[in-house]
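Only one chain is included here, represented as structure tokens and corresponding to the form predicted alone.
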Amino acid sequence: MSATLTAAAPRRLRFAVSQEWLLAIAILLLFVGVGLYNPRFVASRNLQSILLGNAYVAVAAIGMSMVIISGNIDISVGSLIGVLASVSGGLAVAGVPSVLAWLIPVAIGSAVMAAQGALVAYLGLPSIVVTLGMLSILKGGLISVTNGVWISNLPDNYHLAQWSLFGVVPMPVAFMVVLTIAAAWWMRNTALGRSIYAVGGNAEAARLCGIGRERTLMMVFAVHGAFVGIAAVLFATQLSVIQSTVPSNLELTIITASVVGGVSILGGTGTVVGATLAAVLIAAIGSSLIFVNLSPFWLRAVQGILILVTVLADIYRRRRRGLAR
């Protein structure tokens, strides 16, 4: 009996200090601390702004987490969101039914990312090189095609992000929560989901176990593209107009959310739940800077610090694990 309790204790301890719990505690402390300094920070209007305005970042971070867990990275995600948002809005203005204007960007996002995944998987090109090239293509192409003109006169039934589920839960929050739970369950309980961890942790060992690295990487990038498409639709439908430019530093925010959420930049470990919590934390930090009278530009410095600290902690944990063996 005592041996069982002794064995269970470390598991409970690891759960208690997991990245998800640390992020949840950090979010709570941030709201309490800044709320005491400036009560307007915890006003319902500001809390709603933090969640609704950044839910699409959390959705994109779910797919990004899968890519990083597989041992790769996507630098083009911000540009692709900008392009797909413009495509969605353009279709809606052209008279295409709103449902198709929502679904077509998801299909395009999946196809574009699958193509990049093919270059990484079958040609052996580094993902950072492939996606960096795609970033330039998408960003330059978007400006060239639209000339930076905003898309307006959108149909009333197009604004999905302004709806509420059952009249209670805002649609962006519903998407964020449901997709996070579904992705976490899929990665933990299905063979395809577990293969992402296997390939990212040790590709050669995964191959010996019968897991096809190329097929898995193609699948990861395609799924990531679908999440990017959903994020783009949420981004496009949250306002009455769509800005036909790539959101500034969006890819950095999404990657930061994944890494700070506990996904190892070296691949093989991490969860999408942590990425969602980290996206909320980053959005809350950005909002809190305004309420404590600091320049919002400090958020970039905070993101950089968070990435460095998280990566160093991950390397330290890996070295300790290696020494323990």
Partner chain sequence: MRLSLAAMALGATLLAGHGAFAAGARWDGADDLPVNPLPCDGGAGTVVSKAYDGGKAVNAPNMAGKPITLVDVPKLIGIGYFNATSQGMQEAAKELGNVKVTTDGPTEAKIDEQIKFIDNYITRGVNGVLFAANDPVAIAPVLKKALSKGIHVVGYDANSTPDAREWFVNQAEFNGIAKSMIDNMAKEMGENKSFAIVTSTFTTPNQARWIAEMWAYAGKCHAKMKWLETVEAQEDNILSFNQASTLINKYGDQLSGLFGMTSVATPASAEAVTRAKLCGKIAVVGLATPNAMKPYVKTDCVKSVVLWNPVNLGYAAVYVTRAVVDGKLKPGDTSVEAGKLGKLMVVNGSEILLGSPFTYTKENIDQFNF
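Note that the rigid core is defined as the largest set of C-alphas that superpose within 1.5 Å between two forms. Every value quoted in this text rests on a predicted model; they were computed, and no experiment measured them. Positions refer to the first chain, counted from 1.
Missing here is the form predicted in complex with the partner chain; even so, the following discussion is about that form.
- Residue-level contacts in the model of the complex: of S98, S110, T180, T245, one residue has a heavy atom within 4.5 Å of the partner chain, and it is T245.
- Using a 4.5 Å cutoff between non-hydrogen atoms, T216 does not count as a contact of the partner chain in the model of the complex.
- Among residues of the shown chain, W186 is not one whose heavy atoms approach the partner chain to within 4.5 Å in the model of the complex.
- For the chain shown alone, F227 is not a contact residue for the partner chain in the model of the complex, no non-hydrogen atom being within 4.5 angstroms.
- Contact between G167 and the partner chain in the model of the complex is not found at the 4.5 Å heavy atom cutoff.
- Exactly one of the stretches 188-196, 102-110, 88-96, 142-150 approaches the partner chain in the model of the complex with heavy atoms within 4.5 Å, and it is 142-150.
- If you take 213-243 and check each residue for a heavy atom within 4.5 Å of the partner chain in the model of the complex, you get F235, Q238, L239, S240, V241, Q243, in sequence order.
- In this overlay on the rigid core, A24 has a C-alpha that sits less than 2 Å away from its partner position between the shown form and the other one.
- Relative to this form, T310 and N72 separate from one another in the model of the complex, with their C-alpha atoms ending up at least 3 Å farther apart.
- Distance between the C-alpha atoms of L28 and V311: shorter in the model of the complex than here (change of 3 Å or more).
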